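Presented below, as structure tokens, is a lone chain in the form predicted on its own.
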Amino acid sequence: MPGLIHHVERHRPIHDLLAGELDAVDRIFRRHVASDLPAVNDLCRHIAKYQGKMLRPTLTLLCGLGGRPEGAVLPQRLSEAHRVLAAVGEMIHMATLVHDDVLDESDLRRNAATVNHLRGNETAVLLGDYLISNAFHLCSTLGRPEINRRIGETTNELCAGELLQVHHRDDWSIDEATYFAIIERKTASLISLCCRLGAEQSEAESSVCDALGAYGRLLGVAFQIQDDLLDLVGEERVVGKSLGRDLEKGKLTLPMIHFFGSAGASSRSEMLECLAGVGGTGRPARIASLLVAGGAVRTARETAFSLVRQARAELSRIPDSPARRLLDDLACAVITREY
């Protein structure tokens, strides 16, 4: 299965362990969303194409390994509960992707047609709801209501972030504080919870759980900044999804916020003309050019790198282990990725 672990194959023993564990997570995922209705199964098979980086399951499993009391000793296996939690995190994430494609009117995801493009918005919304419902149903099989409660709190936070972003649609004066409030909720909250739950399931000390939760939140913000950069200056054939959707839907992200905060009057005027639709087919390229020339892309990347440095510093609070070293490498991979 493809994932971020292909960036760090030099960690061969734990890489091989993770590959097998992620296959097990995938089997749990597919088994739990399976339906007696062929139409539903067809849709679930289609969204399997959306699985790419598998970041959230990978982090759940790695934090489960890194949080174990035996520290530097590589454990032979994780528990079934770890795999279930990893599958739950991926189901919630997949649901958000399906719903995001509706909100953004996207046609492409992982180089495959989106559900809304193939079957319409009604089907896509219901499929996202089906995945969310299955996530909570699967989580309930662990028999630990407090985990369901915390996942519910996080999905509420995630939705609140999306609502805040929609509230500020077409607001070209949005500031950094509001932007970070949005992405900390809609992206970082779930990644942080996946890290923390993985460690807690291994009965890690509270200080280790706190460190891995903080690591996940910082990493999640950096991940979203990179995602926003790729939407503006990435290549669609490499990224594998529709690009330029943030600006088309009136979402101002960090590179644009930096641009408007530092650009001269002439550049600001030209950018506003581009945002108003002046310039035709060459408009996205011109927007990207203005962002690069104005230093906004560089500044946003520096912010992402700073967040990753902070995330890696959190790892110094947990015992050294193969899992910790792989978490460190994954932090770097998150902001050097091109898809």
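It should be emphasised that the depicted structure is a prediction, and the values quoted were computed from it without experimental measurement. Start at 1 and count along the sequence shown; that's the residue number.
Although it is not shown, the form predicted together with a small molecule is what the next lines describe.
*Asks:* Could you tell me which of 212-220, 254-262, 88-96, 168-176 sits within 4.5 Å of the small molecule in the model of the complex, going by non-hydrogen atoms?
*Replies:* Selected range: 88-96.
*Asks:* Wondering, does residue 164 line up within 4.5 Å of the small molecule in the model of the complex on heavy atoms?
*Replies:* Heavy-atom contact with the small molecule at 4.5 Å: absent for residue 164.
*Asks:* In the model of the complex, does residue 192 have a heavy atom within 4.5 Å of the small molecule?
*Replies:* Contact check for residue 192: no, nothing within 4.5 Å of the small molecule in the model of the complex.
*Asks:* Using the partner position in the model of the complex, report whether residue 155 sits within 4.5 Å of the small molecule, counting heavy atoms only.
*Replies:* Result yes; residue 155 sits at the interface with the small molecule in the model of the complex.
*Asks:* May I ask you to check whether residue 82 falls inside a 4.5 Å heavy atom distance of the small molecule in the model of the complex?
*Replies:* Residue-level check for residue 82: no, no contact with the small molecule.
*Asks:* Looking at the small molecule in the model of the complex, do all three of 132, 159 and 186 come within 4.5 Å of it through at least one heavy atom?
*Replies:* Contact check passed for all of 132, 159 and 186.
*Asks:* Report the residue, out of 229, 103, 138, 124, that has at least one non-hydrogen atom within 4.5 angstroms of the small molecule in the model of the complex.
*Replies:* Result of the distance check: 103.
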